[in-house]
Ligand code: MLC
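A single chain comes next, written as structure tokens; it is the form predicted alone.
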């Protein structure tokens, strides 16, 4: 019996929400596809999230069923994927979903504020697949390797759904292990790999990193890629393709498949996407429009109105454009540090810090200052010990005075979410 019929036997009908524990097992993925096939709404959640986090989602979407290994709440119907697929029942008649039908509710990573459910339709998911198939030359002959969480759009929509839509193959590793990931390139005959910068940093330090050179396309996203890491792969004959997107818009900007891929940029608009950009030489907020945009936040019209106006999404990202139209992400508007009336974008300072020998990772935040409003404070991962004077000297060489960190703190690691984004509120 197919997955859609198994779900139907438990009362799942078109429009019903199914909270799905997003694990990278064959059974779990078959269930996810079955949810979409029967016209229900897939709501992915992390396997390791706390009970409180899961209950927050369950309370918000009021699901018919939770597909997970552990029971989420008293009174909630919970089925493990393997047991669900073993159910027997009558086959159900399946009508094709309309483009405007809701397919997916993905909860934002919540690095600031309460997580919200971004609603995507079958149409926005299909538009993403069409856009990336065209832009990246994706064909049925491709075999994609990912070790990304499937509870975010990077792994689920950009990787799994788009890969399957082409008729190609997708290998999903449940966790990222550098050696296992590199071994899988040959084992799975992979032609493409999608990564986040943290993964690429670790791969570069592995003795078998040159195995990546057999891939026709390596894509990085979800967080800024260090130019130093980009250049390290270039020396191996691997040109990383960096792109840009967010939960609410899916992918909208990409460096080219053919042509120059520029470190420190995310490229130009993908097919079908329109951008509102600041004038050349100026910084400003990026606005995005196109068929991959979400339909709004689940039951949050107030929050939707804050980010979407007349079909345009305000990304909250501050960008500038170089002379050839490549978009450069300067930072988040909400992460902006204003020191002495000057704007400081954390990513610019962090790029300088990460380029210093002995600094493995870095993040900066703004700290209150009676004199300056805010000052820049740096948190550094320095395995060999922190030489503050030397680091400060390097910053003075590369940064204007108002951009230089006033304090340095050594930490064991920079807190990041599952997609590699710095969680500044934890610093």
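Numbering follows the first chain given and starts at 1. Since the model is a prediction, treat every value here as computed from it, not as a measurement.
The next section is about a form of this same protein that is not shown, the form predicted in complex with malonyl-coenzyme A.
- Though the partner is left out of this view, residue 358 does not reach within 4.5 Å of malonyl-coenzyme A in the model of the complex, counting heavy atoms only.
- Remark: residue 163 does not count among the residues lining malonyl-coenzyme A in the model of the complex, judged by a heavy atom distance of 4.5 Å or less.
- Shown alone here, residue 256 lies farther than 4.5 Å from malonyl-coenzyme A in the model of the complex, counting heavy atoms only.
- Put simply, residue 352 is far from malonyl-coenzyme A in the model of the complex: not one heavy atom of it is within 4.5 Å.
- Against malonyl-coenzyme A in the model of the complex, the set 122, 126 and 288 makes no contact: no member has a heavy atom within 4.5 Å.
- Put simply, of 203, 240, 251, 135 only one has a heavy atom within 4.5 Å of malonyl-coenzyme A in the model of the complex, and it is 251.
- Between malonyl-coenzyme A and the residues 199, 218, 303, 277, the one pair within 4.5 Å by heavy atoms in the model of the complex involves 199.
- Comment: 397-405 is the region of 56-64, 360-368, 397-405, 381-389 lying near malonyl-coenzyme A in the model of the complex, near meaning a non-hydrogen atom within 4.5 Å.
- Annotation for 327-349: interface residues with malonyl-coenzyme A in the model of the complex are 339, 340, 341, 342 [heavy atom within 4.5 Å].
- Figure legend: C-alpha atoms of residue 340 and residue 281, shown here, are separated by at least 3 angstroms more in the model of the complex.
- Annotation: residue 256/residue 345 CA-CA distance longer in the model of the complex than in the displayed model, change of at least 3 Å.
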